[in-house]
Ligand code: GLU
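Below sits a lone chain in structure tokens, taken as the form predicted alone.
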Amino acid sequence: MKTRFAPSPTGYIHIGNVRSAIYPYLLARQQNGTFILRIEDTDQARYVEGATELIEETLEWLGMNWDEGPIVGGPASPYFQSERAEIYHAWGQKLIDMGRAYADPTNAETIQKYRDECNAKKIPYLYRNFRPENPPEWKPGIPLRFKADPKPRTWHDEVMGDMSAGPEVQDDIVLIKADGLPTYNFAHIVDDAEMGVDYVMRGVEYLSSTPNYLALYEAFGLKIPKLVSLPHILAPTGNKKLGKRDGAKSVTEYRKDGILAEAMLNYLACLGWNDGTEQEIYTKDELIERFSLPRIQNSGARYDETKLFWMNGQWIRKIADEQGIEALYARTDGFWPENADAYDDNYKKRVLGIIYDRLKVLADLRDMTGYFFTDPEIDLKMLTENKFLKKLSEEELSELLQVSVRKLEAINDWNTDTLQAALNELLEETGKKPAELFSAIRLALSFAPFSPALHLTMEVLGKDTSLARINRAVNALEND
């Protein structure tokens, strides 16, 4: 069994493009079949340099290796449509020989005149009503058109169900353009046949063109593959197809933000599919095992970036808890604050070990861990206006911190157990509530809106740094 992903290298790879790759990949792996990557690059005007490499890198990052295609080759090489012109010409000649295709030298101005005539008469424009009477012999350089045989057509779509269309939607479509390259409408039929593709998965926007595709299958005497129309991914508002203006970034941008490959694969696979359970976190192996075409919903799925970030946080914790901090740390290169470069791996692993459960994306490390690598800028307002501390005067805050320093200085073995014990004793000795005492010390150490548990933070910072920072805060309060 063979499936394929056939993207066009026309720019960045959108999340909708990736989902169109995930489903055929899962199906091929589930059935021990073949997953093909084919680059549909016949639209040279929209071709973007480097886009093919970006497609390949994205699939590799997601762990979606292909069995045939660029780099790996295969029995149907080449896998770039721009390199398959002779193949399309040969198939086009078959149609000419059958009387089912003709050269069309009609210029663009004349075609537009035909459109205008139909608009003026308020009738549908169909090029088959304007076929040239004596077309020349076809050769590359002249567009080649299919000679339609309009009639009622019915077919089954694996997602949309039983479908039908009348002859009025079938036309003499262009097969090969004047530049000698094929149109999508023709090339994918030829390529899928040559490559033995059994399942054709693509966006629901191609559903209206299916009658023309069926006519080509029929003309060639080809077996029709399983057709799978994937509903749109919708904007967060739910009223239109997701686009660049709706805030969705490219997969590359999400990757740079610190979205994990496992989370991206998990989220997109479940965007319009579920296995009938309440489960939300799936490994790739679980997705392969449970995926099924009947469980793809036939309506659009609303894109929710907040859900993606939540899922990424779940995966960060899953990797750390199941594989260890070492495994998660291996993913963090490039996400630390600039000053972290001066510290060794062991120290950064200790920092990661106490903060990972608060991360939504790896890029959060830059904002959440800065005070572990450089002394924070003192902001007395954070102390004096804190909701737990604002009822204390600056003198009372200073005294509370000084008492804390004296207690902490007496600790010989600086570890989480002795630190927690000292903090508990401070609560009894000062008569303060945990929110008051711990907030004062935490802010003096970090001057950050968030930090991990106080005893863990101090243990990682070390005794000298912790005491020095608390004393800095005391000096600032006294000299304000």
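Residue positions are given as counts along the sequence shown, with the first one as 1. This is a predicted model, so every value here is computed, not measured.
Here the subject shifts to the form predicted in complex with this ligand, a form of this protein not shown in this document.
Taking the partner from the other structure, this ligand in the predicted complex has a heavy atom within 4.5 Å of a heavy atom of R202. When this ligand is considered in the predicted complex, E436 lies well away from it, no heavy atom lying within 4.5 Å. The shortest heavy atom separation between F130 and this ligand in the predicted complex exceeds 4.5 Å. Put simply, W336 is far from this ligand in the predicted complex: not one heavy atom of it is within 4.5 Å. Of the stretches 339-347, 194-202, 119-127, 170-178, only 194-202 has residues with a heavy atom within 4.5 Å of this ligand in the predicted complex.
A heavy atom within 4.5 Å of this ligand in the predicted complex is found for one listed residue only; from Y184, F373, Y329, F80, this is Y184. Shown without its partner, the chain has R4, A6, P7, S8 in segment 1-36 as residues with a non-hydrogen atom within 4.5 angstroms of this ligand in the predicted complex.
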